[in-house]
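Single chain ahead, by itself, as structure tokens, in the form predicted on its own.
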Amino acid sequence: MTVDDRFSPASREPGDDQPPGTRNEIITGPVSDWATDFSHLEPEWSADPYPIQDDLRQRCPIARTERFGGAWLPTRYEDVAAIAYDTERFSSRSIILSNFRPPRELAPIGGSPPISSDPPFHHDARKLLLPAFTRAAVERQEPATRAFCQSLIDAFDGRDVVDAAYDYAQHIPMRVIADMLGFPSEDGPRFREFVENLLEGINLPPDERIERVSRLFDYLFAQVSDHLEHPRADLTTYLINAELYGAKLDPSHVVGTMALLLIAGIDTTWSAIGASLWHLARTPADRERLVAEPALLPTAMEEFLRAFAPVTMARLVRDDMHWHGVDMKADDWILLSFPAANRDPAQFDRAGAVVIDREANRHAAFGLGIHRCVGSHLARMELRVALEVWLERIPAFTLQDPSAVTWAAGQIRGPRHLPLRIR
């Protein structure tokens, strides 16, 4: 076939893989006061952010820090929702708080459309993805997902202790997303590296961070080249051939969306599966009830998503303004904490408790507003199947050593190591 000139090496300028941005020094280290000096990169935050968020909600519901070049952290549901729905005053052009603020010229498309896009472009970019993530499309993925979960447990091979995060949870979304995008399934370890570089490496020196992120985009362009030579029925080929406003998508749009699907599609679900298993390992009554009442799992799953919501998104303030009692400056970061919103007692009864038969549960784990997760049906299917298979095969399990559990730092929080005793 004819090579698509959009993706030829000659068409790419140095630095195309990473949008330019201005540097803002990130300061890490002990927090003096979470209300005026918060940092979501600190170990006490990744280990257990909920007491910190609860304290802030009572005494300073919109916290401030001078780290990261200046950022805000709302902790009440009503404030998080207000920002999520307000696309006039808050831009999504960068959804990962880091030592770069992409220039305003990057809007309304952003580096990873549609999640980085502002209206009106966002609507059309998101619409392109909807057919791949309908309930019917997701249902077609379920048999292969279930079989893969079974194979992962088969591979435990008589062990008494397994790492449920490393040996199980992380592999499930890696395989599902790889299959959807048409990537080699054996590239899973590389996907983990990409996730950690992009989401957990925000405190690296800018040059090193750009170099690491460039590895992801080099990989994606290589996958595009392979698909141009060997087209097949998958999401990558679909994006290469998709049209918007009467023209094929710009290469930066194609690979930016691929990066979004690869990174967001893996780490969020990996984290949700791991957090759910962590809770069940340390809460025998809930585990035993779900084993005895498997029909309750879909309801319990929504509660796990509420209580252990993995995702915090970032926004950038468009212009100087006084907002809900604080003076925000143009290009201040906002950490849009859906986990904090989900623990707000003004929104949820017994907000700090995990109630696996909770009936009214309009949680924000998948976001709020125009950027609500386009892949929520897929994430729910993966989480449900992962838990169903685990509980069928391993109905009794406990934490092997609670102190050995580690959690990811940054904006997506979930167990990275979760040693469970299964026999």
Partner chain sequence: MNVQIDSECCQGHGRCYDIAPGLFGEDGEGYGRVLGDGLVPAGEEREARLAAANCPERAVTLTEGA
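Numbering follows the first chain given and starts at 1. Everything quoted here is computed from the prediction, not taken from an experiment.
The same protein also exists as the form predicted in complex with its partner chain; that form is not shown, yet it is the one meant from here on.
- Message: Just to confirm the contact call: exactly one of 34-42, 392-400, 356-364, 61-69 touches its partner chain in the model of the complex at a 4.5 Å heavy atom cutoff, so which is it?
- Response: The contacting stretch here is 356-364.
- Tell me, which of R159, K127, R350, H322 has a heavy atom within 4.5 angstroms of its partner chain in the model of the complex? That would be K127.
- Message: Considering non-hydrogen atoms and a 4.5 Å limit, which listed residue (R135, R232, R104, K329) is close to its partner chain in the model of the complex?
- Response: In short, R135.
- Message: Is it the case that I370, even though its partner is missing from this view, gets within 4.5 Å of its partner chain in the model of the complex, heavy atoms only?
- Response: Result yes; I370 sits at the interface with its partner chain in the model of the complex.
- Query: Any chance Y77 has a heavy atom within 4.5 Å of its partner chain in the model of the complex?
  - Reply: Yes, contact at 4.5 Å.
- Query: Should P131 be counted as a contact of its partner chain in the model of the complex, where contact means heavy atoms within 4.5 Å?
  - Reply: Yes, P131 is a contact residue.
- Item | Proximity of R380 to its partner chain in the model of the complex, heavy atoms at 4.5 Å | Yes - in the model of the complex, heavy atoms of R380 and its partner chain come within 4.5 Å of each other.
- Query: Within 79-110, which residues come within 4.5 Å of its partner chain in the model of the complex, counting heavy atoms only?
  - Reply: Read in sequence order, the lone residue that approaches its partner chain (within 4.5 Å, in the model of the complex) is Y85.
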